[in-house]
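There is one chain below, alone, in structure tokens, taken in the form predicted on its own.
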């Protein structure tokens, strides 16, 4: 199995490097000291399992899990020094958790669980969905930017446009292409912030400037940026209900 180590503490990473080396079926292919770099590595390299520290500055382990594409996510073993987080890891359907300080025997038992789960379908997706439920509506979104990942504020997103299994994320001056479905992205960002205006388009409610009727129940929708879009009659009632227009 190809494994990642993610922990902001160097001694913790050193421990996780040492014990897998004794296992003939485990290869450490990535090591990261922060959540942003880890998320980028996970998306780029698709490891089988990630030993993921829960408490890290910037982007914590639960936030990293919440940003992953459920169907492509690796198995997750959360590592934490806090009992409350360890219990939450079980709620997240993680493969296992390692409560610091743990010994080699406890690590081997976690690996055994990983081996078992690699043979059963659906585990990684369940962990990602549960992580999102625990984290709640994401205030930040990881987007690809020139071969790296950038963390942007969700409030800066003006609109989302579906393109097969991708979504174009529009801000005031940038457009990012994210490998996600529109439905999946709306669930993460919170449908209370965004509203669909078409089956393939959603807009930030705060960015809506005005509406003008067209014909057959459709409307012309103007964003505060000046961009004009069409509101389909199929989604008009929901928008009116959400905005009080």
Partner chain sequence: MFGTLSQIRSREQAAQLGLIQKALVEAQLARLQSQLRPHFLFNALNTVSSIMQSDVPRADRLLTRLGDLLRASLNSTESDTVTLREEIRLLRLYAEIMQERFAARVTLSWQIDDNVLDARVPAMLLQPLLENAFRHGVEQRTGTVHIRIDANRDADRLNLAINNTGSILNSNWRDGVGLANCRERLRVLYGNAASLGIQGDGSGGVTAFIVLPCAPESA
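Remember, it's a predicted structure, so these values are computed and weren't measured experimentally. Positions refer to the first chain, counted from 1.
The next section is about a form of this same protein that is not shown, the form predicted together with the partner chain.
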{"query": "Within 4.5 Å of the partner chain in the model of the complex, all of 158, 166 and 205 (non-hydrogen atom)", "finding": "no"}
{"query": "4.5 Å heavy atom contact, residue 11 to the partner chain in the model of the complex", "finding": "yes"}
{"query": "Touches the partner chain in the model of the complex: residue 195 (any heavy atom, 4.5 Å)", "finding": "no"}
{"query": "Partner contact for residue 218 in the model of the complex: the partner chain, 4.5 angstroms, heavy atom", "finding": "no"}
{"query": "is_contact(residue 213, the partner chain) in the model of the complex, heavy atom dist at most 4.5 Å", "finding": "no"}
{"query": "Contact stretch among 178-186, 197-205, 54-62, 38-46 - heavy atom within 4.5 Å of the partner chain in the model of the complex", "finding": "54-62"}
{"query": "Interface residue in the model of the complex among 162, 81, 110, 152, criterion: non-hydrogen atom within 4.5 angstroms of the partner chain", "finding": "81"}
